[in-house]
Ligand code: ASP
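A lone chain, given as structure tokens: the form predicted alone.
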């Protein structure tokens, strides 16, 4: 199915991680569950936009839905560090003013994206980490959870498998299944404003204290009404080094490229050859969307005004629903 690239009254695009899908392990039941999780997030964001709400509120609602679904690596489904702990990162950005908020190394808030939004709305800062971010979340009255809420057997088993693989001394086999996962959303509302939000548990067996691209403004998250909104997912170190989200916006602003041209140039042509596995979702100021990725697949979905919901995992046709 071809995605409509004409200007849209409003548009929403989401992702649930890239490069983490082994098709041989994806049973029909599990595939349906992923599509259902994506659809729930699309509906949450679309309802906001259809009612005339802001892009900022739409991406917040969509990411909350993804954080609440344990199939995705954020919030309740966050992966474990090498020490068996969980550390979550998130960021949000408003394209109207470039106001932004981010948190890193966080554990406790049910929805880390709300902690990131609290940084944006309640402080003069852009990023808070660890205990400081946790204290702000408590002051903001955010719902908190203990370790059992965030524990999933699949994530724990993935940690044990990764630790065993490392202990074996076997060379890196390039298996993207073990590497990364993130959730995110971008939107353009009826007023012409764009916003982006991203949330992640990071990489399975990552070093304690490691922070990827998700909370780094201009790398994994960016929004500016003059160009676009972007939420990325992938090998965060590469996305940080290449300042991926801002690079796409800069190509649009200074190079005159369209959103799709700029995104493909960075994700496919620039990151692909150097092993920067991943992808992103993006929307421009006219509501046109693009969802490029350079790996095995990317959980993704699109909601546009007066159009059916579209969800996909690999490079197959989009699944259509209402």
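Numbering follows the first chain given and starts at 1. Everything numeric here is computed off the predicted structure, so don't read it as measured data.
Beyond the structure shown, there is the form predicted together with this ligand, which is absent from this document and is the topic of what follows.
- For residue 203, a non-hydrogen atom is located within 4.5 Å of this ligand in the predicted bound form, even though that partner is not displayed.
- By the criterion of a heavy atom within 4.5 Å, residue 233 is counted among the residues contacting this ligand in the predicted bound form.
- Although the partner is absent here, residue 96 lies well away from this ligand in the predicted bound form, with no heavy atom inside 4.5 Å.
- Residue contact with this ligand in the predicted bound form: residue 214 places a heavy atom within 4.5 Å of it.
- The partner is absent here; in the predicted bound form, the one residue of 210, 110, 190, 242 having a heavy atom within 4.5 Å of this ligand is 210.
- Partner contact region in the predicted bound form: 194-202, out of 194-202, 139-147, 116-124, 159-167, criterion any non-hydrogen atom within 4.5 Å of this ligand.
- Contacts with this ligand in the predicted bound form, taken as any heavy atom within 4.5 Å, map to no residue of 257-290.
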